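Only one chain is shown below, in structure tokens, and it's the form predicted alone.
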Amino acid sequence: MDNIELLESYNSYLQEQKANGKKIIAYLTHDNVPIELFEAAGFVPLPLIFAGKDELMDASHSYLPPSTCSYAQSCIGYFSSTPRTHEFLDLADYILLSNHCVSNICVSEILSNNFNRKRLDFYVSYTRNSNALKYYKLELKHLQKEIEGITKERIPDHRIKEEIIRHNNFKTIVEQVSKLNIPGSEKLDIYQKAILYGPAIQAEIEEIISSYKSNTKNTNSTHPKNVIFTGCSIFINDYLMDLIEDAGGNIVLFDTWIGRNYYSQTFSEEVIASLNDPIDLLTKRFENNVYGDHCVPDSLDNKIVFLENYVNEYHKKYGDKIGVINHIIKFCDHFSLFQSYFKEKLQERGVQVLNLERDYSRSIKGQLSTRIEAFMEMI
């Protein structure tokens, strides 16, 4: 399914949900948002995972300076540009403001203040100590009360836990995509669609996985240069995936929020059974999220160790070297700051790294292609 078909289908889906009386809450994507709480209250989560065109960045400059994260600019651009390219954004009733990064806060405030979207606040600690966990739990309870104030009814604990289990099961299915022997672009398409729709399309994802498994023909037989993709996610409408595959590369692991950071955050049946309070379960997930980029102490070192181990296991299993593309959206205040340290530490461990910092301008596609092609030659 190409982007146009996916977005048309998603538009119809949201319109149907809206016609059924559902409230839609949009949010800038990151891995600490309690989506299950929204769905337990009857809300439809709308992840803003659309970016990749320079005209969207240009359309945002009445609200944000050009020296702002390109993803943040694109989010504003989708709401402010005319004619509108994504009409379904008009269906959003609320915007969630969270503090994953500075740009997240700015964009959420701008969307709320300038585009008539009511705002819900959800702040996340930048640490993982006992006080941080208590704070996160308080924020969850505060958000729950805000939502209950909107719906005028209490969200039963059993309904929240049912949603946690439903999303947990869905993520275990999505994780199977990472093990399929298919091009990275096809994996990315599945991940993006899975994050848009969530468990509502679990049967479809299972059918896709089954069809790939039943096809004994190697669907990725062109012997590309395999790489790990980490850093900032590739969003819907971005051209970067095409550049990587045109250069002979293939992404075997998406170590990003649209990818491993999403499907890896699951619970065992024992943990689910041991915690009766669903808020405790959501807090436990936050505690376990030690690879997220939310400035957690040691999170960068945890990621480096994980990637080193993955590279070594891959070489042991297949006998091939594998490189790392560290994708940095320009002016991203998380990944930009640590790119030199990240590359240095991995290269000390014998892992080749390409720090690919860019915005969404089409004018730099040639330069990006040259850099990616040169990196593929190295590995």
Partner chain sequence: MSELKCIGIDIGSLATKIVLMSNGDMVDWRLNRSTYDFKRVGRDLFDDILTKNNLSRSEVYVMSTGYGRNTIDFADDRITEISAHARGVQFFYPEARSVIDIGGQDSKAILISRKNGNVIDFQMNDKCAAGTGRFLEVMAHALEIPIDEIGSLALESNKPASISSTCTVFAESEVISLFAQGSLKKDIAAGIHKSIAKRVASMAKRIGVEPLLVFTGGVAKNIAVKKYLEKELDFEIFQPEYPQLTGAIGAALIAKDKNAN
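Note that the structure is a prediction, hence the values are computed from the model and not measured. Positions refer to the first chain, counted from 1.
Beyond the structure shown, there is the form predicted together with its partner chain, which is absent from this document and is the topic of what follows.
- Screening 321, 343, 53, 30 for any heavy atom within 4.5 Å of its partner chain in the predicted bound form leaves a single hit, 343.
- Although the partner is absent from this view, residue 64 stays clear of its partner chain in the predicted bound form, with no non-hydrogen atom inside 4.5 angstroms.
- Its partner chain is not drawn, but in the predicted bound form it has a heavy atom within 4.5 Å of residue 371.
- Using a 4.5 angstroms limit between non-hydrogen atoms, residue 354 touches its partner chain in the predicted bound form.
- Although the partner is absent here, residue 12 sits far enough away that none of its heavy atoms falls within 4.5 Å of its partner chain in the predicted bound form.
- For the candidate spot formed by 246, 367 and 378, every residue has a non-hydrogen atom within 4.5 angstroms of its partner chain in the predicted bound form.
- Interface residues of 308-337, taken as those with a heavy atom within 4.5 Å of its partner chain in the predicted bound form (partner not displayed), are limited to 330.
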